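The chain below stands alone, shown as structure tokens; this is the form predicted alone.
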């Protein structure tokens, strides 16, 4: 397989001999535009078999971007999730002129909410659940991409990576489309949720940062929402920046401008429904 996809705001060329990857693209990227031959390509990705004995004994898959190999190989039956994980890394580390944060982003009208990705926060489950509700659209479950020129967020909607118990939680939502489960990965059991159609259609429409929310899941906890000072929010969000240092003053100024435009909150919740309630409360009160 050799295909070039436009996954806003990037164009990605993917080469792979793995049938599972071809099926993954057919299942989750069938509505995305295929780029014309000779177009500018942001990232050239190849998934290739393991070297030497690992082509036949315990087959492996390797992820290459621009012919560089940034990861250790994985079992060949994990080629599809490796494509998603590898593309996340590629966007985070190789996006030129854009500020990239580890955070989920959803849009509501012209506005956008940012949910930073601290471990155990439950952001992917919460993001997937909100994306399936009417009135919301998915930007990304992993990467907040800020355009320094405008200060707005750029959508990068791709399959939402779910793991372990989150898979069944999201699968129970009306309209959810969940792909195959991959067992025994480095993140446990992993599956992907399809991007809702409306989010694909609006994938070139940026969003104005409006809310920055730090979610934290605590089993059984009552839902709480607290507005926090922007200085505290800045100290936290800069920990989730992949390339602020590389962008220098531009990266610092971009984060500072975003903070000046948003209201900042922390929310604790004990269930997915409680997390949705907290987010809806923030949006409706602002």
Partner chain sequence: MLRPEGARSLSEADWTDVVATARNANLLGKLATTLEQAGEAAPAAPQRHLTGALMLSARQRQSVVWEAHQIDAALAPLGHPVVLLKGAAYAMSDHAAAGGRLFGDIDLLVPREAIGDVEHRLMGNGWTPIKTDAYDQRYYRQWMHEIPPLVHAQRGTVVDIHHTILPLTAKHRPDPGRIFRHARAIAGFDRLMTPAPEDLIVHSLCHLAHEGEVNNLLRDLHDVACLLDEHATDPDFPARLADAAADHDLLDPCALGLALVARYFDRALMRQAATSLSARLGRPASTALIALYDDALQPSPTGHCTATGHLARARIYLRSHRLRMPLAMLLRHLSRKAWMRMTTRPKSVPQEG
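Since the model is a prediction, treat every value here as computed from it, not as a measurement. Residue numbers count along the first chain shown, from 1.
Heads up, the form predicted together with the partner chain isn't pictured, but that's what we're talking about next.
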Only one of these stretches, 229-237, 246-254, 215-223, 23-31, has heavy atoms within 4.5 Å of the partner chain in the predicted complex; which one is it? 246-254
The partner chain in the predicted complex has a heavy atom of only one listed residue within 4.5 Å, and of 177, 181, 94, 205 that residue is 94
Could you check which residue among 173, 85, 152, 136 gets a heavy atom within 4.5 Å of the partner chain in the predicted complex? 85
Is residue 66 part of the interface with the partner chain in the predicted complex - any heavy atom within 4.5 Å? yes
With a 4.5 Å heavy atom cut-off, would you call residue 57 a contact of the partner chain in the predicted complex? no
Would residue 18 count as a contact of the partner chain in the predicted complex, using a 4.5 angstroms cut-off between non-hydrogen atoms? no
Residue 108 within 4.5 Å of the partner chain in the predicted complex, heavy atoms: no
Go through 10-24 residue by residue and record those having a heavy atom within 4.5 Å of the partner chain in the predicted complex; state none if no residue qualifies. 10
